[in-house]
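Have a look below at one chain only, the form predicted alone, in structure tokens format.
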Amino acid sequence: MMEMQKFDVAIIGGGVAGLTAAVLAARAGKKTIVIEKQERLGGRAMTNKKDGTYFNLGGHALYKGDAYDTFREFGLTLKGGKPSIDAHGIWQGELSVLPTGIGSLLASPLFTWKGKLEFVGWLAKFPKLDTHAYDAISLRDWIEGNIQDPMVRHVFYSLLRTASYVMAPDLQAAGPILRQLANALKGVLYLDEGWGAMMDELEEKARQYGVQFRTKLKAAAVEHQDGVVKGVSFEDGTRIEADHVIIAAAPAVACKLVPHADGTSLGVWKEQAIEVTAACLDVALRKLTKPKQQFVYGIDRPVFLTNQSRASKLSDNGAQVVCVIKYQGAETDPEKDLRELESTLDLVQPGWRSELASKQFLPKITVCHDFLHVRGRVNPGPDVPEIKGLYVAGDWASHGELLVDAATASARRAVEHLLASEVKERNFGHGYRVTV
């Protein structure tokens, strides 16, 4: 029974952002509870085990960004491996080697010599590029204004689409995705037994700091009065009191949970949000029919294929777990998307059906609830200014980060803000002013 329990911090949502915020808040000495409506924690970072195979909810790779640094700070083991960058590209229905090193540069038929030199030159520039200079322009404007060779342009559209999952170059802000590619070039980590293993560790870390959890409990409303958070009520009729509430859920969910939200910044954040979705086909193959073709970008089609087993353990029986993704726009067609994903497998791993051990098809999964675009977007959070004690976190609450990095960075911003607000209030209460 939770009637009238009191917490310093209540977090709605048990995904990456929610669990990260829980660790940070509890580590700072706050009595913290995480509320999750599903039976399992993890959100879109959970892993499903089927026939001895670990299937993530779509393609998951951990870049050397905010999330990686945060999880290392927490002491998570992050067991897994760094995959080879040897890659192919699909152009006009055929596979060609992509130039990722000296050998592949010589072998690739995609570029002219001039194009090869321009491509390699840009890869060398990215780690030192001042990407913030391009935060206010679209990705298309950056590519068309900076890259000369037409085929190099096509390949960069593909690389940047894969790094962000977004297929909207006229809307997408260039700076953040260029930073994401620079992070990717530092190395990518595929995790043993999927991201669910990482989430299990994150949950255990939170429990070690004293975080309480309630699953299968659906929040009904964030209670607030006179512009101040009072607590959370639930659909089963119970409620808790809380000084601070962090909503680690989608912007539309946040608006639904907060009475009169349309009159606050939450309404603005909901209206500006553009959801990013993808169709994902994961297959466990007893063996690869083409072992050298494990990492493939669609250059003239919005697809991507990777054998994550080449760097991580995703099966108890040695199967190779291959993920194929189609980046979706506004219109989706599950049957058409599945055919396109299967035809990509036909091209890259011909005869794969005879080696199929298990599979998972997700016709339309949310990759993130918003992305950094140039259509008058304002950065959400960390606090909701109109309601003291209310904060947001999640992949959509970005201040320049993408995907899981936005989830962890926004969680940290929310906790830092609530801690700073308490210090400020305490100091004013003692009759003197300090700068926080």
Ligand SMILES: Cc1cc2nc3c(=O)[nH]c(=O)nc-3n(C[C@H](O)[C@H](O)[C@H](O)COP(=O)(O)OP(=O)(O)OC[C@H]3O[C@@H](n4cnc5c(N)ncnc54)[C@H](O)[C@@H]3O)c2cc1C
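Nothing here was measured: the structure is a model prediction, and the numbers come from that model. Heads up: residue numbers just count along the shown sequence, starting at 1.
Although it is not shown, the form predicted in complex with the ligand is what the next lines describe.
- The contact residue chosen from Ile33, Leu372, Val367, Ala26 relative to the ligand in the predicted complex is Val367, the criterion being a non-hydrogen atom within 4.5 angstroms.
- Note on the partner interface in the predicted complex: the residue among Lys287, Lys336, Lys114, Lys218 having a heavy atom within 4.5 angstroms of the ligand is Lys218.
- Using a 4.5 angstroms heavy atom cutoff to the ligand in the predicted complex, none of Ala87, Lys292 and Phe295 count as contacting.
- Picking from 241 to 249, 149 to 157, 127 to 135, 338 to 346 the stretch near the ligand in the predicted complex, with a 4.5 Å limit on heavy atoms, gives 241 to 249.
- Contact check for Asn48: no non-hydrogen atom falls within 4.5 Å of the ligand in the predicted complex.
- When the ligand is considered in the predicted complex, Leu95 lies well away from it, no heavy atom lying within 4.5 Å.
- Residue contact check for Gly394: one or more of its heavy atoms lie within 4.5 Å of the ligand in the predicted complex.
- The ligand is not drawn, but in the predicted complex it has a heavy atom within 4.5 Å of Val404.
- Contacts between stretch 59 to 78 and the ligand, counted in the predicted complex as any heavy atom lying within 4.5 Å, involve Gly59, His60, Ala61, Tyr63, listed in sequence order.
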